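To begin, one chain is listed below as structure tokens, in the form predicted on its own.
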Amino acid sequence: MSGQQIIKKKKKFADEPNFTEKKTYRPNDVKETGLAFVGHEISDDGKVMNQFLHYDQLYTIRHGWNSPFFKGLLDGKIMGTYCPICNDTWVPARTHCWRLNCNLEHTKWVEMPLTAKVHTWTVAGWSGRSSLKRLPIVLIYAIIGDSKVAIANELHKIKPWDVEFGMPLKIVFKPKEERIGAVTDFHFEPIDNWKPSPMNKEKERIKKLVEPVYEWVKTMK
């Protein structure tokens, strides 16, 4: 009896995207020497986005199901996901719900409000070469809208010692022509007319630690 070869055909989950919208950020004849986003491409159906990152060599970041979040940044929107079973919402987005009762339900996309609140925060007194002149940097984890998780980004237009847990924030985007579809396209600021609480011992302690950083940065050329 002759042997018979059985070939199992691999299941195809989706057609390969056709990328028609492409954009390059780098000027002509510029050779990157560090970490830089240099371009992106979007499929003709608008569902998938890839980004190109240069870090000693060129990398392709394939966002796949998370593409709506990064595409939203290009348009000045914060996109999150929600579970149609339990209605929990997340930014950063989750493609499936992690609740046991929801059995990894596939989530739906939703545009989030451009408001948030501080969950936790820290002050960076040291950084990479490209950010040294911006020190000290206030880095926060913020809850956007009714998200169940927090997202990290910088908080601007406030003294580091005046940051407070739970303080209300607004999301501010870069001008459209400067956006690249990365989280650096936006930052947080205190909402209009917000006032910090009076100085106290903890704020005095932070101020004492931070003020030398301001003086050090002034010495840089």
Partner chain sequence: MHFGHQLAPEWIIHDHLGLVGLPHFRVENGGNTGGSALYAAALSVMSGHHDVIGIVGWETMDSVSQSQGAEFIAMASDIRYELMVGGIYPIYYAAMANKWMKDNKVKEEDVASIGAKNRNNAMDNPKAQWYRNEHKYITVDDVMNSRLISYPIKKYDCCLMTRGVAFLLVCSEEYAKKVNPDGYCTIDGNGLSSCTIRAGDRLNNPGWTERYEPNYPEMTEFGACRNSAEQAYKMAGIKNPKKEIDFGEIHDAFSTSEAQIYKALGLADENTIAQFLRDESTHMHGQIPMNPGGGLMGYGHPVGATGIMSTIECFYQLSGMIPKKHLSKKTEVADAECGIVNSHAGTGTSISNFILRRGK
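Each form is matched to the other, and the largest set of C-alpha atoms that superpose within 1.5 Å is called the rigid core. Residue numbers count along the first chain shown, from 1. Computed from a prediction, not measured in an experiment: that's the story for all the values here.
We do not show the form predicted together with the partner chain, though everything after this point is about it.
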property: Contact assignment for the partner chain in the predicted complex, among A152, V38, I171, I158, heavy atom within 4.5 Å; result: A152
property: Site test, I42, L74 and W194 vs the partner chain in the predicted complex, non-hydrogen atom cutoff 4.5 Å; result: no
property: T115, heavy atom within 4.5 angstroms of the partner chain in the predicted complex; result: no
property: Contact label in the predicted complex: P92 to the partner chain, heavy atom within 4.5 Å; result: yes
property: 4.5 Å heavy atom contact, H63 to the partner chain in the predicted complex; result: yes
property: Interface membership of E202, the partner chain in the predicted complex, 4.5 Å heavy atom rule; result: yes
property: In the predicted complex: members of 120 to 136 within 4.5 Å of the partner chain, any heavy atom; result: T120, W121, T122, V123, A124, G125, W126, S127, G128, R129, S130, S131, L132, R134
property: Core-superposed C-alpha of F173 shifting 2 Å or more between the shown form and the other one; result: no
property: C-alpha of A182 moved at least 2 Å between the shown form and the other one on rigid core; result: no
property: Did N66 shift 2 Å or more between the shown form and the other one, C-alpha, core superposed; result: no
